[in-house]
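Here you get one chain, nothing else, as structure tokens; it is the form predicted on its own.
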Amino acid sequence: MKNICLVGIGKIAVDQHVPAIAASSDWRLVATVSRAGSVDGVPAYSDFAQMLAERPDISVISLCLPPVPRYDYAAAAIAAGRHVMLEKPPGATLAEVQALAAMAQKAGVTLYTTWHSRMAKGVAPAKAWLADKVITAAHITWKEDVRRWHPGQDWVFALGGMGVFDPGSNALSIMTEILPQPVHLRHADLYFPANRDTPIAADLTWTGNVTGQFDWRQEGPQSWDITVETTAGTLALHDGGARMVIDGGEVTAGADREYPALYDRMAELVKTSASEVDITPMVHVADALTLGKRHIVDAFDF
């Protein structure tokens, strides 16, 4: 087992990363770094540089911080010769993730840009089914309640927080994984709360007759769905990719284990001295923020 340090003990770390590490035979959580959070029974640091200096036994750093501060932490970890795992989206900008990839290659350490939704159990079979199909249309519906999933987390609406594209990047990670041909953005309408710097909703149109609706204001049942129409039938992914349906018949089975699968993959990468850096979903976010027509909507507060 390899020692790992988890940095940024917020909701996603507590809900997903900590249980995934605890259930793994590859990893041992031996330290955390956070301004406020901690994990019972695990040594806690508030200073990342101090942890790096005092814990040479820790070879892997998993960063669960918001995107904006993540670059500095990742760069420091790489400079200290540690392997780095990045929560999605992997950075605040495309250029900084590319810079980290170059640093990791030069240092001879692993860098892994994780996209947990690609590990949902319906995604791989959906990709395989679509591989030889002629696609006529596709649509993403990704609507959820920001108050439920990011309670009080104002950083998501700050510059670099990406707004609705924080969860929306999950959909984009699936789209870019399953479509056999790449698409690019043609048009975007972005809806900004009057008091916020990032969008709370977006309507997107890509080439290939692909469209998407993203919204952070949905209460009640949440919608994480992708539908792909082909000349051979219609494929749908529901529940964030956990369920695959073809022409109305569900064909997925087995337990869903998105985050455990990420840590399995990180173990493989470290063992083989490889990196996996994919910024394709972020490209679509950047394109939306470049092409998007700005609409001002009602102010939003938690």
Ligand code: NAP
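Note that residue numbering follows the sequence shown and begins at 1. What you see is a predicted model; the values in this text were computed from it and never measured.
What comes next is about the form predicted together with the named molecule, which does not appear here.
The named molecule in the model of the complex comes within 4.5 Å of no heavy atom belonging to Lys271. In the model of the complex, the named molecule lies within 4.5 Å of some heavy atom of Pro66. Under a 4.5 angstroms non-hydrogen atom cutoff, the named molecule in the model of the complex lacks Val18 among its neighbouring residues. Looking at Thr32, you'd find every heavy atom of it more than 4.5 angstroms from the named molecule in the model of the complex. Heavy atoms within 4.5 Å of the named molecule in the model of the complex are found in exactly one of 231-239, 23-31, 36-44, 52-60, that being 36-44. Taken together, the three residues His139, Trp142 and Gly208 lack any non-hydrogen atom within 4.5 angstroms of the named molecule in the model of the complex. The contact residue chosen from Arg196, Lys121, His116, Arg82 relative to the named molecule in the model of the complex is His116, the criterion being a non-hydrogen atom within 4.5 angstroms.
Among the residues Glu96, Asp203, Glu177, Asp166, the one placing a heavy atom within 4.5 Å of the named molecule in the model of the complex is Asp166. Interface residues of 143-179, taken as those with a heavy atom within 4.5 Å of the named molecule in the model of the complex (partner not displayed): Trp149, His150, Gln153, Trp155, Asp166, in sequence order.
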